[in-house]
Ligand code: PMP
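Heads up, the chain below is alone and in the form predicted alone; it's given as C-alpha cells.
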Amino acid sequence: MIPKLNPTVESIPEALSIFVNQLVYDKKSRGERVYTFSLGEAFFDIPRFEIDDETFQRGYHYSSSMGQPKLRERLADMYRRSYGVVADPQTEILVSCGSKPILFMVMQAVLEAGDEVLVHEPGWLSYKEQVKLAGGVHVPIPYYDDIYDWEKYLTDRSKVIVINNPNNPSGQLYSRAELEHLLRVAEEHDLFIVSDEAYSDFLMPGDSFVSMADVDPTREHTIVVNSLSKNMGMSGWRVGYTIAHKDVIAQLLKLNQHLITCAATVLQNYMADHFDEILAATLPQAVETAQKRRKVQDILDEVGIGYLKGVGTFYFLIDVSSYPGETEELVRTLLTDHNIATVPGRAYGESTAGFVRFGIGVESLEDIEKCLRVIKSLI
C-alpha cells in the first residue's frame, strides 16, 4: 500500500469538461461520429509561417521567466490599442504556460489560509478547486444575484472576487458601470478583483468589452488574466499572460520560476514574430463565431429551449431543468445513446445544476440545430 496522499488533492474531482472530452476522444478513436459541444475552444483557420533553423534552435532553450520581451511588448500594445489599457511590458506583464497555472499562481500569491474567494456562478469549474488547493474558501454567488447585491456575501475573511468577462459559459458581458461598482467594493473592503478575460474578443460588432485593467488603471485592486488559447485559436500551445501591479507580478514571477520556469520558448518567439498577422487572421473569425452564437440563439428560441442571457464567448448554458431526472443522467444519455457531448451545469455551480454547457465552436449550424432538437425531445 502506498503512503497516505494529500487529502486536499484527493478531495478534488476531475475537471468534468476534460473528463467528458476524454470520453469523446475515446469514441472518436473507435471511429464514431460524435457531435462535440463539450470542447472549450473554437476551431480557426490559422496561417502557418516558416521558422528558420536559427530561430527554431533558439527555441530549444530556456528563456525569461517573465516571458519573452518581444511577446510582452506585443501584448501590451494589443491591450493599449484594443482596450485602452496602458501596462509596462517590463514590470506589469508576465507570460506563462497558459492562463490556468497563472490563475492558480495568483491564488497562491494573494491568499492566506481561510481567506474567502467570491465567484459568481456560472463559475469556470477550476476556480473552486484552485482556491481550495491554495488554502482558500470558495464562496459561490448564485447566477441570479445581481452584481449590486454581491456585498451581502462579504465577510471579514473575504479577499478576492473572481469574474470571467465575458463569462464561460453564460456569455454574460459586464458593463463599465458594473465594473466601476465592483472596484468601489474592492477599494472599500480591501479586496483583489481577479478578472479572467480569456474570451475578450468573442463579441459581435457593437458589443463593447471593458477590461478591468482600464477601470482600475493603477491596478492596486485588479489582476487581469488572459490567454492566447482562445482569441488566437491556439489552445494546444498553452500560452497565457497576466497584467497586474508590479508588486503582484514580482510575487508571481517567483512562483513561475519555481513551478514552470518559462512558457515554451519556440512558441513564444513564433507568436511574437507573427503576432499581428495571426490576430489579423483570427480576430475576424472570433467575430464570426459571435455571429454564429447569435444564430444559435435564434435556433434555441425557435426550438423552445431556455438559456442564460449573454452576448459573448462560444457557449450557451441551456436550461434542461424540466428533464425528469438528474442533469448528469441526461448528459450520459446524450453521449451514450446519441453521441452528443455536453457538460453538466453543476460543474459551474450548484445554482446552475439544472443547465448544461453547450459549446458551439466546433459543429455546423445544421448539426447544432439537429442536436438541440434531440435535447428538446428528451427534456
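A quick note: this is a predicted structure, and the numbers were derived from the prediction, not measured. Start at 1 with the first residue shown and count on from there.
Another form exists, predicted in complex with this ligand; not displayed. Remarks below refer to it.
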Non-hydrogen atom within 4.5 Å of this ligand in the predicted bound form for each of W124, S227 and R238: yes
Option from 140 to 148, 196 to 204, 105 to 113, 67 to 75 whose residues, in the predicted bound form, bring a heavy atom within 4.5 Å of this ligand: 196 to 204
Proximity to this ligand in the predicted bound form, single hit among T282, T222, S170, S99 (heavy atom within 4.5 Å): S99
Listed residue that, although this ligand is not shown, lies within 4.5 Å of it in the predicted bound form (heavy atoms), from N256, T289, Q268, N164: N164
